[in-house]
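What follows is one chain in structure tokens, specifically the form predicted on its own.
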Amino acid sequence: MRQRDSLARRLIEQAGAEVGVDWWDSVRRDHAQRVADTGLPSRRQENWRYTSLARLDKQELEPARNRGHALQAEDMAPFGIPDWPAERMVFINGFFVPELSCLPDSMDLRVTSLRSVDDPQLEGFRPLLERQFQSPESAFAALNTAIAVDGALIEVAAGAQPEHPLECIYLTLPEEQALACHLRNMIILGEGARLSLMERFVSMGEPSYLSNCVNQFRLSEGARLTHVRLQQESSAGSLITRTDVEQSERSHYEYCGIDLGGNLVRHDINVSLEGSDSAASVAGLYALDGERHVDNHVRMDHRSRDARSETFFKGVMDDRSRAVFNGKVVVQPGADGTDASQTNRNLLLSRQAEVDTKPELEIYADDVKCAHGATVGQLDEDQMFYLRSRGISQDDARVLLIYAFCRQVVDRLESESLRDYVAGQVLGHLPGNQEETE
């Protein structure tokens, strides 16, 4: 038996008691058995070809328990974003913490935690919780279904446009044992509804852990979701995330993800454009140093006429870090009028850094407009020379060029306050600039 198969079985066996909802417990048992039978993904599977789980194999992970905490409101101050008012959900080691959260008081925006919801409310999310993850490549999503007991449940009423964004902070605190945290987030937007959502993955100290998060978004006709993700995990932390988006007619999904931390990070984004005239824009930036490994997999599934999608990712790799990007556009039969593009641009700052990039198109319809491309390069020596000739030091010139390369993604953020904050976090993370911003 492979060690990672043993890890999967151990996590399932130690997961704890059933939740007490018959249909949900049945779904959990089915997925637990599936993971126990198939184990976790290996590099023999094409979608995991460039990402090894050897780092997880070495950890003695224990399922996180809701043991409480000693944090006060002031302890959350370092995570505040100046001049950016937002409602807030805080999760610590995988469990919702109401005393550190600030939930909206509105029937148009209903926010609660999975662990505290009653059975009638849970019924509305049943189709999402019953989603089957049968592929061996989806083993972490199946593991999440089998184990997760907490997460964010969000419903936006038809036509509602909440005044403030909603921020979900997933905070990991050190424990004696390396933890495995599992969160299930489900968001439903009614017809014509609007929502701005920000997810933040952070830690205090340098704990070792696995965080396994599944997001499921359902956008009704004409709904619009703006989704921002800022990942600043511990340098010893592993983060496996899956985001599934179902879009109806004229709905719009806009995503901007920034990866700055973590030891092993994987994010699968699956967007299904099921309604005509729907649109999706997925952009990301990964800035890596040390021996970090970040893997982004994006699938745009065009299933209806006249839908538009854009995938735009940039990466900066230094030291011995490694990045993986796989973008795939699938145009199903009958999805005429599809307009899709993919772009992946990478900057390597050392000889030991590596990126594996693989944009793909799979087209089964006529009258479509699809394009893709990927580049891998180094800093432009002519640009460096120009900056040096203006009296700028070599280190500062290097930071300026890298920062300019990154800003094309950061500038997609609509809020000026949020854009300035994220830009500062990116700038502080760039090679040669960490000490100046600490």
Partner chain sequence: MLKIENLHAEVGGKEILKGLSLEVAAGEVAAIMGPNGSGKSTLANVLSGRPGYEVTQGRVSYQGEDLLALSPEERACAGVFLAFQYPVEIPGVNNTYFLRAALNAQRKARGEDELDSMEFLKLVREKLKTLHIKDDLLHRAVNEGFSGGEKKRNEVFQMAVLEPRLGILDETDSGLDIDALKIVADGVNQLRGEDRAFVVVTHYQRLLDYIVPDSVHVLADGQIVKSGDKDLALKLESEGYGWVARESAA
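Just so it is clear, the model here is predicted, and its values are computed rather than measured. Numbering follows the first chain given and starts at 1.
There is another form of the same protein, the form predicted in complex with its partner chain; it is not shown, and what comes next is about it.
For its partner chain in the predicted complex, the listed stretch (367-375, 32-40, 385-393, 47-55) containing residues with heavy atoms inside 4.5 Å is 385-393. Using a 4.5 angstroms threshold between heavy atoms, L379 stays clear of its partner chain in the predicted complex.
Taking non-hydrogen atoms only, V27 never approaches its partner chain to within 4.5 angstroms in the predicted complex.
For the partner-free chain shown, nothing in 79-110 comes within 4.5 angstroms of its partner chain in the predicted complex, judged by any non-hydrogen atom.
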